[in-house]
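In structure tokens, one chain follows: the form predicted on its own.
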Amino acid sequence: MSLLKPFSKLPGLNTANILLVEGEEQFQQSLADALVEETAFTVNVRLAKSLPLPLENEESRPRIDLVVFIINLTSELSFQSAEASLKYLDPGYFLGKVCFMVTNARNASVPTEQLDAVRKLAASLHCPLLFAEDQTPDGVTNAAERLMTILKVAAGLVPMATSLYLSSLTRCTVPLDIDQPSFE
């Protein structure tokens, strides 16, 4: 078991590498297909159910510019898998190279505690939290466009912008009263 390190390899020219981590792989493949349609630069998408990544092909693995944890709010296992995978990331990734993407947030059967737990996790790690509609093609396209904006900066393809700066602008924050009990 080794940590995934953001700066252990050199970046590729006009290339961005993204790792999509989703335990259930429902949304992962359609999002990957939408991401590789970018034409201005090469986008390499890696898929994983969880971390750590296997050691056998570590030498040939490119530098990962952005790690995206996809969490399905209707599945408690999805959140637990993402939370367990975080310990296999080098702390350098939390300087603007990690993002959380949530699906099924509009589902009426999702308890509010589940969404609050994801928001607290993203806020505690100072990471962006994106919401995605995974049921429609337009929702997948919109999610890919939002991820592409973050990926371009994380890969160093946007002049005068750093992923740490973008992360400070887009990070998830939790209101101070989220830990307070409601009196409804």
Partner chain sequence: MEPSDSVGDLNCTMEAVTLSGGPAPDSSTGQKDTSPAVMLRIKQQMSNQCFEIAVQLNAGKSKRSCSTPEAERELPDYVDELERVKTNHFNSTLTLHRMQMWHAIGEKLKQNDLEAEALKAVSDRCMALCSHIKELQKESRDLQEGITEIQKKRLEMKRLTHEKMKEIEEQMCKKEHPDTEKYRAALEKGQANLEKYKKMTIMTQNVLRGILLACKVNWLDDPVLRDIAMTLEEFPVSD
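Predicted model, so just to flag it, every value in this text is computed and none were measured. Positions refer to the first chain, counted from 1.
Not pictured, yet referred to below: the form predicted together with the partner chain.
Heavy atoms of R63 reach within 4.5 Å of the partner chain in the predicted bound form, making it an interface residue. Proximity of A155 to the partner chain in the predicted bound form falls within the 4.5 Å heavy atom cutoff. In the predicted bound form, no heavy atom of S30 sits within 4.5 Å of the partner chain. In the predicted bound form, K120 stays away from the partner chain, with no heavy atom inside 4.5 Å.
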